[in-house]
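Coming up, as C-alpha cells: structure 1 and structure 2, two forms of one and the same protein chain.
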Structure 1
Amino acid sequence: MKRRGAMARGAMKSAHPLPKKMAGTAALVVALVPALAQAAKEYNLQAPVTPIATQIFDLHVYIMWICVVIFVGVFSVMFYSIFAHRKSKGHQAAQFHENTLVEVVWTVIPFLILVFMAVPATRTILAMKDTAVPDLTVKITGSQWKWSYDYLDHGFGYYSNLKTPVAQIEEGEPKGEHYLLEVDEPMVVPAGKKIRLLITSSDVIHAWFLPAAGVQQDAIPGFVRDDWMKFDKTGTFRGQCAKICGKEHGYMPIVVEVKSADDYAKWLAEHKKAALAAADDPNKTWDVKELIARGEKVYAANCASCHQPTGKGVAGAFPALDGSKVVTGPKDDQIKTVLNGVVRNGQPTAMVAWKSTLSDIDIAAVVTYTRNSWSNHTGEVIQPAEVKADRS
C-alpha cells in the first residue's frame, strides 16, 4: 500500500508540469495565429486594380503552374527511375547515344513550352506599352527625395512629400498603419479613365512603382519614359521608389487616390482655382534678377532632365542650350519654340509644347535665364507681355 501511494504521489507530481507546458504552447499558438494569417495573405502579388495589373497577375499564375507541372513531371520521373532502376535490383543503364527519337523529343518539348510561355507574355508586354489615346496625361518627376506631379492637360502641378512624423522614424513613437507610405499630397486620378504617365528624373535614377496598378517604370535623368494605368475601382493605392537613389531612398512613398468622376471633377476644380489664385500678375514689368532667379527654378523643374543642369544637353538625343543658335538668336524664335515645341517631318519631337503647362511669366523667366546663363550672355530680358503676344 505504501508503495502504491508513493507511486501515485510521484505520478501526480510528474503530471503537474504537463498542463503548464501545454498551456504555454497554446498561448504561443494563439499569439502567432494572427501573424501567420497575415503572412498567408501576403504570399502573392498585390490584388490587381487595373486591366494591366490583372493581365500581369494572370500571366504570373499561368507561368507558375507551367513551372509546377514541369517540376512535378521531371522530379517524378527522376525519383521513379532512381527507385525502380537502382543498381541493387540488377538494372543496367540504358544508352541513348545518337538516338534520333530522343533528340527530337527533348528538342520539341522545350520549344513548345517556350511558345506557350512566350505568346501570352508578348501579348502582355505589348499591352503594357500601348499608351495611345489617353484621357489624361500626368508628368511624374522623381527628385531626391520626393515626387512631383504635373497635370499637363490642366496646367498645374505639385510636389508629394513623405508625411510620416519624424517622431515615428527617429524617436521610437508607435508606428502608424501606413508607416513610410503616407504623403501630404497624393496623386489623384479618376476611375475608368486611361492615364498616360510621363516619367523622368531631375537628378539620379528613381523608379515609380505602384504594384496594384502593375506599373514600374524607371525615372532617368535626360529621358522621358511613358506608361499607363486605368483603374477599375476607387480607393487609395500605395507604392515606393524601386531604385536605391540615395540615403533617403526609403522616404519616397507613392500614394495614388482614385476618385469617382464627380469627386475627381470637384478636386480638379479646386486645384485649378488654387493655381489661378497663385498666379502672378502677367502685366508686371519684371526685373532681370527676378526673372533669372525664377527661370532657374522653372528650368530645373522642367528642362534640366533633358538639357541637363549645365545646359550641355545629351549628345544625339537632346540639343545643348549652351551656345545654341536658337537661344542666342532672335528671342521671338526661342519663345515660339518653347510655346509650341518642335515638329519635324510632321512628327512631334522630344521638345514638347509648353504653352498649356507653363504660364507667360514662367516662359519669360526660363527664356531669360537660358539667354543669360552658361556661355550665353545676350543681356536680353523677356517680359511676360512678349510671351503673351507670341502666344496669341
Structure 2
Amino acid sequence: MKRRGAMARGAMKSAHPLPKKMAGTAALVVALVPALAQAAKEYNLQAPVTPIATQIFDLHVYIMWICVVIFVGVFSVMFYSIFAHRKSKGHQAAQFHENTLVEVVWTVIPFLILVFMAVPATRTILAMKDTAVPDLTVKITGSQWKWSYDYLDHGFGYYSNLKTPVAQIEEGEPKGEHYLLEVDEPMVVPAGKKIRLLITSSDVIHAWFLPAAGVQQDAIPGFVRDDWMKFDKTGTFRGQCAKICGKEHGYMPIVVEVKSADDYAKWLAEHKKAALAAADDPNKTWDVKELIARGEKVYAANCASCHQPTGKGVAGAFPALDGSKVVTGPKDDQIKTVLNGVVRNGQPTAMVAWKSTLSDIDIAAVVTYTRNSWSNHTGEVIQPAEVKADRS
C-alpha cells in the first residue's frame, strides 16, 4: 500500500499494475469477465494534496494493516481448525467450554490495540479542527444543484455549474475525460495558504467533499460551518456533493484549481475587474430581445433542472411553466413567486426564494423569458425596476 506520488485526480488514469493483494479477487473477476482485466486500478484513498489529507492517508494505511494482521491471525486459527478438527478426519470433539484466563486476555488485548488506533486518530482530529488564523476566507454555499463561492475578503462571488453536456449524460455521447467532474467556473485558491471555508446551504443539506484535500463538510441550511484546507501544491482537484440533496445530487461537482501565489493574484485581479464590469446599471431600460436572450441563460442555469428546458415541468413534482396560470397571469404575481419562492404551511417548498441569488435584471429577464416562451405569449416585457419595486 505504498502511497503513490501526489498527482491531480485526472493524471492517475494511466494503467496501474495489479496490486498483489488484489490478485485473488481480480483473478476471479478476470475469469468471469475478461473485459474487466483493468478493473483494479484504484485500491486506496486518493493521493493526498494537503497535510491533513496526508495524515488521513497514513492513518488509514496504518489501521488497515492492523486490521489485516488481526484478520489473518483470527482466521488462520479458524481455518486450521476447520481443516484439522473435522469429523471426516476422525477428530474427536473436546468438551471444554470456558477458560477465564483466555477470555480475559482476549478482551484486554483488543482494547489495547484500540488504544493504539485512537491516539493518532485523536491527534489528527485536533489538527483538523484548528481553523484559526486563515490567510483567506471563502464562503461556500450549496444550493439545488450547484455550488457558489464568495470571496469574502474581496467582495465578489460566483456560481459554479456543471459543464458536462446533457448529450453525454443522457444520449450516450462519448464521455469526456472529466465527465461529471467539470464546471464552468472552478473555485480558485492559492497554494501554501491556509484557506478557511465557511460552508452553508440555501435549501437542503449538501456536503462539500474534496477527497484529495481531506475535506468533507455538510452544508446545512441556516447554519454556517467552518473547515479549512491548505494545499501543498498546485493543480486541479475534483470532488462532488456528498449528501443526497434531491434529483440532481449526482450532478453537483466541485472543482478546485490551486494556483501559485502569482497566478492566483492575477486571477483575483481579473476576476475583480470582471465582477465590477458585470455589475449592471440598474436604471437602464432593456429591450425585449436583450431580456429574452439573457432570460434564456438564467433559465437554463437556474430553473431548467426542475421546470425542464421545455417548460413542461415534471408531473407531480415540478409544475409546468408552459401554460401555467401564474406565468400567464398578472406579472407581479409571478415576479413575487420568483422573488420569494413558494411557501406552503410555513415551510419553504422546492421552489425557493431567488431574491438573494438572482439580481433584479436576472429576475426581470427570466420572467420575461418565461412569459414569452413555449406557448406563453403574453408579449409583456418586465423591467428590472419593476422587480426592484416588488422586492420588500
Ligand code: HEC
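Rigid core: the largest C-alpha set superposing within 1.5 Å between the two forms. What you see is a predicted model, and the numbers here were worked out from it, not measured in a lab. Each residue is numbered by where it sits in the sequence of structure 1, with counting from 1.
Participant: Structure 1 or structure 2: which matches the form predicted in complex with the ligand?
Facilitator: Comparing the pair, one sees that structure 2 is the form predicted in complex with the ligand and the remaining one is not.
Participant: Take the rigid core as the frame of reference and indicate whether the C-alpha of His307 shifts by 2 Å or more between structure 1 and structure 2.
Facilitator: The answer is yes; the displacement is at least 2 Å.
Participant: Under a superposition restricted to the rigid core, does Thr357 display a Cα displacement of 2 angstroms or more between structure 1 and structure 2?
Facilitator: It does shift by 2 Å or more.
Participant: If I superpose the two forms on their rigid core, does the C-alpha of Asp332 end up displaced by 2 Å or more between structure 1 and structure 2?
Facilitator: Asp332 C-alpha, core-superposed: shift of 2 Å or more.
Participant: Taking the rigid core as the frame of reference, how far in Å is the Cα of Asn372 displaced between structure 1 and structure 2?
Facilitator: Core-aligned C-alpha shift comes out at 30.3 Å.
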